[in-house]
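The chain below stands alone, shown as structure tokens; this is the form predicted alone.
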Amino acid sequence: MEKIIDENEVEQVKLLAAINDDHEGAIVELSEPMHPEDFASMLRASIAHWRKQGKRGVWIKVPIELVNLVEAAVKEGFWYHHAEPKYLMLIYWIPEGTHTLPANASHRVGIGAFVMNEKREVLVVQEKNGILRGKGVWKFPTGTVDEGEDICAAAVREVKEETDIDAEFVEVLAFRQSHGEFFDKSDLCFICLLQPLSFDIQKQESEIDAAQWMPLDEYRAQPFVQKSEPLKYFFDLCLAKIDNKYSGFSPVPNTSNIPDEKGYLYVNSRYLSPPVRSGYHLPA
């Protein structure tokens, strides 16, 4: 239960330094060490001050070195929003009723890379870890997109890391959404077409057990692929692309929220004039 303090106490206690957000809220970034009891007093006085100002949501960023202050904040009614390696974010809702604060990120984003050489062989790997370890399954290179990384860049990076193959991103062919994955988060996986720029494979020793160029029919004949409707469907899309019967989504540079950085809009440009040119040449 929130502790109510009078205006005299608010005036006598130093308030937490805060900046206003764009939604009538306050953001506090703690940086100086303090005793938990002193912090609790400052927090109560600050909440009373913010309430008088008509503030709504309060965000407190607690660096890992000040973790001793978390318990005091929780006792005042704050709860966890998200955590990163070096900080924990706590939130509080001042008005009566249900809060409208945005939830933490709900999805993890990953890529699967379809890379084919001039011999119509696809780049595949066997993983050293995970649910497929030791099962002899050959699969496309896959991985997760890093924070602040574009999907197209992640696909190129993962192929390079797992196989040492240099490649050029061409298109997003399809994507799949699933739920209840990593720590109950939802998952988005983008199947990406890449054009190889080199061909000599050097597998990643820490994560990859084997890597090779495999004939298309041999890959599709695997029982693991045959028993998976999504994998068969993805592979058929890749073959349709090879036969010029399907067009995916090409990256078009656009502005980003970060100054001097570009983002990408992924579009199907088949019917645009002029169309987006990827420079990809389908093997004969």
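From 1 onward, residues are counted along the sequence shown. Just so you know, these numbers come straight off a predicted model, no measurement behind them.
FYI, the form predicted in complex with another copy of the chain isn't displayed, but the following is about it.
Enquirer: Using a 4.5 Å heavy atom cut-off, which residue among E76, D150, E162, E121 comes into contact with another copy of the chain in the predicted complex?
Expert: Checked against the cut-off, the match is D150.
Enquirer: Since exactly one of A210, I201, M214, L188 fits, which has a heavy atom within 4.5 Å of another copy of the chain in the predicted complex?
Expert: Contact with another copy of the chain in the predicted complex is made by L188 alone.
Enquirer: Pick from 112 to 120, 193 to 201, 135 to 143, 179 to 187: which stretch has non-hydrogen atoms within 4.5 Å of another copy of the chain in the predicted complex?
Expert: In the other structure, the partner sits against 179 to 187.
Enquirer: So in the predicted complex, does Q222 come within 4.5 Å of another copy of the chain, heavy atom to heavy atom?
Expert: Flag for Q222 set to no.
Enquirer: Taking heavy atoms only, is P102 within 4.5 angstroms of another copy of the chain in the predicted complex?
Expert: Yes, P102 sits close enough to another copy of the chain in the predicted complex that at least one of its heavy atoms falls within 4.5 Å.
Enquirer: Consider R270 of the chain shown here, and say whether it contacts another copy of the chain in the predicted complex, taking contact as heavy atoms within 4.5 Å.
Expert: The answer is yes: R270 has a heavy atom within 4.5 Å of another copy of the chain.
Enquirer: Heavy atom to heavy atom, is N254 within 4.5 Å of another copy of the chain in the predicted complex?
Expert: Yes, N254 lies within 4.5 Å of another copy of the chain in the predicted complex.
Enquirer: Can you list, in sequence order, the residues from 205 to 229 that come within 4.5 Å of another copy of the chain in the predicted complex, counting heavy atoms only?
Expert: The stretch 205 to 229, when checked against another copy of the chain in the predicted complex, contributes K227, S228, E229 at the 4.5 Å heavy-atom cut-off.
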